[in-house]
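Consider the single chain below, provided in structure tokens and representing the form predicted alone.
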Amino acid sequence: MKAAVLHEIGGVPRYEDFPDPVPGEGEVLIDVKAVAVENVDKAIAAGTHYTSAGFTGRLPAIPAFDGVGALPDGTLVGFGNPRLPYGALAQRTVVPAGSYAPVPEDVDPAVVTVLASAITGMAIRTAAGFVPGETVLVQGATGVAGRLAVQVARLLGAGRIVATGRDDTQLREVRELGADAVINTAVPDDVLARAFADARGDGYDVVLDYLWGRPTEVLLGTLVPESFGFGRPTRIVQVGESAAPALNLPADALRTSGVEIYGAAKGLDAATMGEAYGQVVAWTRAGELVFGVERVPLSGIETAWQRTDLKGRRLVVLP
């Protein structure tokens, strides 16, 4: 079969022949239909992700650990946990029985691979207890997940949505998706702080943070009261770290600000995940979510893997 094959940590997968997987006892063969290539896949291949050793301990290997494919009886499923070295970026892979679940057959498989990115936007409700009418700030709204989060906040009934990013053209596109105000973070700290303060209105109720690092440090500084009093509660949901993996957190940023910080997995269990997934699928079927997808054939993986021009579109490989 053909596959994207990684020969060295930090290398670029190459399109080439690879032995066909043979399912063993308790395993199922998957005919791969679509695979979204995300930052985590590249970080694992580069050896910079904390799970890298588990995926790259045996090379050559095929990257990516989930996707959409068909079972031997033709049922379309989302799958994960392929047996190494068989990752998802191949014509076929093999997974443990049960490491898959049916997906909507009336939704484009390429779009199905991006549904998980939309579900991160649901963390404003599952992790932060969002209620309609609240003000939501999406940090990093020009990325794939951030754009979807703006739309999810709108669909859930946010009273006001503020979105941040580093590119004015993309921020204009985010406005068209439902943001009421946008902030360019590629400015000096004092200018960014004023922008956060000017855009917050009565205050930010929920912050969905895909950035962390400097932009969030500046934001936290603006949430500290200037006089004694009770700070307005702001629930920050930590989702990603595209700006930096760490930040400086002064004591007063928590002590008097009313800030509460949650991880995106807070409140998630099988029931809440199923509910979030069902809601995202319903919006998708109704055409209420706009997905930016860049489809490429598996044969083009070497060039596609190195692309830096996607600008809010998810790279989806079609074997």
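Numbering starts at 1 and runs along the sequence shown. A quick note: this is a predicted structure, and the numbers were derived from the prediction, not measured.
The following text describes the form predicted in complex with a small molecule, which does not appear among the structures shown.
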* All of N39, T142 and G146 with a heavy atom within 4.5 Å of the small molecule in the model of the complex -> yes
* 31 to 39, 54 to 62, 289 to 297, 247 to 255: which one contacts the small molecule in the model of the complex at 4.5 Å, heavy atom to heavy atom? -> 31 to 39
* Listed residue that, although the small molecule is not shown, lies within 4.5 Å of it in the model of the complex (heavy atoms), from R232, R83, R175, R166 -> R166
* **Position in contact with the small molecule when the complex is considered in the model of the complex, options E217, E241, E134, D108, heavy atoms within 4.5 Å** => E241
* Asked: Are any of the heavy atoms in T120 no more than 4.5 Å from a heavy atom of the small molecule in the model of the complex?
  -> yes
* Can you check whether T222 is within 4.5 Å of the small molecule in the model of the complex, heavy atom basis? -> no
* Asked: With the partner left out of view, is L211 within 4.5 angstroms of the small molecule in the model of the complex by any non-hydrogen atom?
  -> yes
* Decide whether Q91 counts as a contact residue for the small molecule in the model of the complex under a heavy atom distance cut-off of 4.5 Å. => no
